[in-house]
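Shown here is one chain on its own, the form predicted alone, set out as structure tokens.
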């Protein structure tokens, strides 16, 4: 890994801390591990490097005294420190539920019809980014590297510059960046672009995202010049030089492969296979979100059963839906739609001893997830739009037998990296997805091994530690001229 030097610490800022604070039935606080790609990616980084993680603990300011004591106890032996940024209820509603999840999230994922462009949301977004900046300024030293994450905090560098902070600052966008014809619908489009340009380095998941960002710069900002080639380019905007890099995020490949080979996981995998004799397991693991295309996936699976009757009683789809944002009405409605589809499809095709879809609505304990990754002959990963999608990479890392087939949406950020080994599909094309399911089912063992070896080789090379090193090398200005695919 890239050494930061004796005086430099890594300051990570994200919307949430790597765990969630919730009250139990008795009113006592409990700490639950965080979920999602950001936590999966960054916890190993700070565990190995040390530093400070700054984020919202999930509470409101009225709980601030209790929260600080709980965090101090929970992180006393942690190799890195945490700094909470408490929000008021109004800030939570307008910044998080409002601007972040009713404007940026749908717009950047091509769902602009779901946007609510409320000016009060923008005011809250500016205020919360300013609040984060003050906490970062108080926790950092001039030589520290500040690494800000994701769409919730795009204005933090601008606020830090206003506070006189001159440290090097990097920003990584975990979601897609939209094409210019979508981005211009954002009423605060120039303010967001200008704020992003106060970072020294902006990282994107894929070439498409950086390309879209550059198109927006050229369309909306005067006198933009792009220099360089390969993984990191330089944008010259007035007297500012901002580096624009492509850094596909990943996971700890070796840890997933090692844990997948453990005795407990092996035993559970064998049990799962014994429970499904002469049947191939198709696995879907998705967070509850409209961008994941879960209803589309279920309809496409149904279509495959209709078009290819030989799949019946020979495949079982295990669809795991991880709860998320259940308090938002649209997400509750999505959950209802998914459950109704599962019921209809099972009612249409179920035979004695065979239920086509096993539906799970909860987060799985890690070893259970790894066992299913190992047991599933096919992974069906078909988001309508994704920044990266680490489920695809986790599945491949756990395929220690070098078998299995990955069916992957071409609109996932991972598609550009994994195109050579995966079966890429258009998740809006019911025929193409159902064809891919049948092709995966009938694929020879030799082709499965050949494809999976390519996938695992790519993911092992470009793992989470490569991602961190590549980003930090670019942030401190070292050479990163390596070409990037996609």
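Positions refer to the first chain, counted from 1. Computed from a predicted model, the values in this text were never measured in an experiment.
What comes next is about the form predicted in complex with a small molecule, which is not displayed.
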item	value
Close approach of residue 243 to the small molecule in the predicted complex, 4.5 Å, heavy atom	no
Residue 300, heavy atom within 4.5 angstroms of the small molecule in the predicted complex	no
Close approach of residue 362 to the small molecule in the predicted complex, 4.5 Å, heavy atom	yes
4.5 Å heavy atom contact, residue 305 to the small molecule in the predicted complex	no
Listed residue (372, 105, 80, 121) with a non-hydrogen atom within 4.5 angstroms of the small molecule in the predicted complex	105
Partner-contacting position among 249, 317, 160, 376 - heavy atom within 4.5 Å of the small molecule in the predicted complex	249
Candidate stretches 261-269, 137-145, 281-289, 87-95 - the one whose heavy atoms come within 4.5 Å of the small molecule in the predicted complex	281-289
